[in-house]
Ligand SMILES: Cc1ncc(COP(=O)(O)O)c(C=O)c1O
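Below, in structure tokens: the form predicted on its own, a single chain.
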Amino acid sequence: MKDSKSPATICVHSGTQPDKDISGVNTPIHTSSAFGYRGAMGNQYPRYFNTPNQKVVVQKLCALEGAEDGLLLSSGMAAITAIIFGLLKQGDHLVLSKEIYGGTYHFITTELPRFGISYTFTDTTAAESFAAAIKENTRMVYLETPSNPLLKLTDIEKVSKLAREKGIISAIDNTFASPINQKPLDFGIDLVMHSGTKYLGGHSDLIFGAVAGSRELVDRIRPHAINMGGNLNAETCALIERSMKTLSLRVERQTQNAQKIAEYLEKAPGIGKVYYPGLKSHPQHELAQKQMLGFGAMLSFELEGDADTTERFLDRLRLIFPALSLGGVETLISASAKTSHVKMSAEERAAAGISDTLLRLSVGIEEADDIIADIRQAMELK
């Protein structure tokens, strides 16, 4: 049953198991790796994804996404591989968005051929291209919207409807939007995954991934996840639960900041192009209004110049931190050609629109005007 409470309330309360012995408001940390097997709880073991601290995080995420069940894994890539290897087999075919996280792209192109799973990359922005790519042996379509790093959108409802009509599983990477800004299951998607390292954790100090969807599909994924051993310990789970309590608060502030910064960048001299679905100039702004609750805290922009221009700009930043990853409370920036998409060849990056002057900005919770001031001074603007 879908939770009717607001996201902010769900973040704070859902899943929590208060300490009944001492009336503590937080879930106790159960550090045991060994649990008794003779009681009502059955065979509990951390690698089976069924211990208390694992469960409370999953319940919180499921309440936010409107899912029946889920899994908490050791990284975002562990979540992606659990979905694909847990549900596909030799001889199956996978259709994917062309614009996806570089790590996902590398996994698909290097690992799937070894296991006899074929794939087709298709136009992220055209639902019709997904239909054209489907074959008799297609068993899954996989989306990433908004995409990394160009913030391209896929019409979630159209693609999920297509998948249902063909009897194909649909899965989506919802990391960039987070469940605060986008709820894919409401549009018919079967499975949602997150690199929880980003917004769910939100403080640049945790690595984890998560999958949420129907109980039937999660039960099919679980045996593979157990075999691969990508579980987390109780202490990390407790930190995740704590971090998720402020998810709504953080993402709402970050989204507000991103809108203001994107509007500044769109008019600023020295900026070639800005990619943010909250801008009216974004080619899919209307689609973003339809399927997103907020436009997100990620944006990208291109500097006018070359690779040296990019390096000089990054050197001059004083507040914004050039770093890998995203989604933390601090504003981070990265050159996609040297970070998230470095494993792609220069030709592949060019085809994907990843230029040497493209910068991805993960907007934090600071005062937006301070972030803008840092960008201005780094560009030597008055």
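In this text, all values refer to a predicted model and were calculated from it rather than measured experimentally. Position 1 is the first residue in the sequence shown; the rest follow in order.
Another form exists, predicted together with the ligand; not displayed. Remarks below refer to it.
For the ligand in the model of the complex, the listed stretch (114 to 122, 287 to 295, 205 to 213, 154 to 162) containing residues with heavy atoms inside 4.5 Å is 205 to 213. Listed residues Thr197, Ser129, Gln259, Asn231 were compared with the ligand in the model of the complex; Thr197 is the one with a heavy atom within 4.5 Å. Taking a 4.5 Å heavy atom cutoff to the ligand in the model of the complex, the contact residue among Gly201, Gly76, Pro277, Pro184 is Gly76. When the ligand is considered in the model of the complex, Leu94 lies well away from it, no heavy atom lying within 4.5 Å. Mapping the unseen interface onto this chain, Tyr101 counts among the residues with a heavy atom inside 4.5 Å of the ligand in the model of the complex. Although the partner is absent from this view, Ile80 contacts the ligand in the model of the complex, with a non-hydrogen atom inside 4.5 angstroms.
Although the partner is absent from this view, Thr175 contacts the ligand in the model of the complex, with a non-hydrogen atom inside 4.5 angstroms. Contact residues in stretch 299 to 335 (any heavy atom within 4.5 Å of the ligand, taken in the model of the complex) are limited to Leu326.
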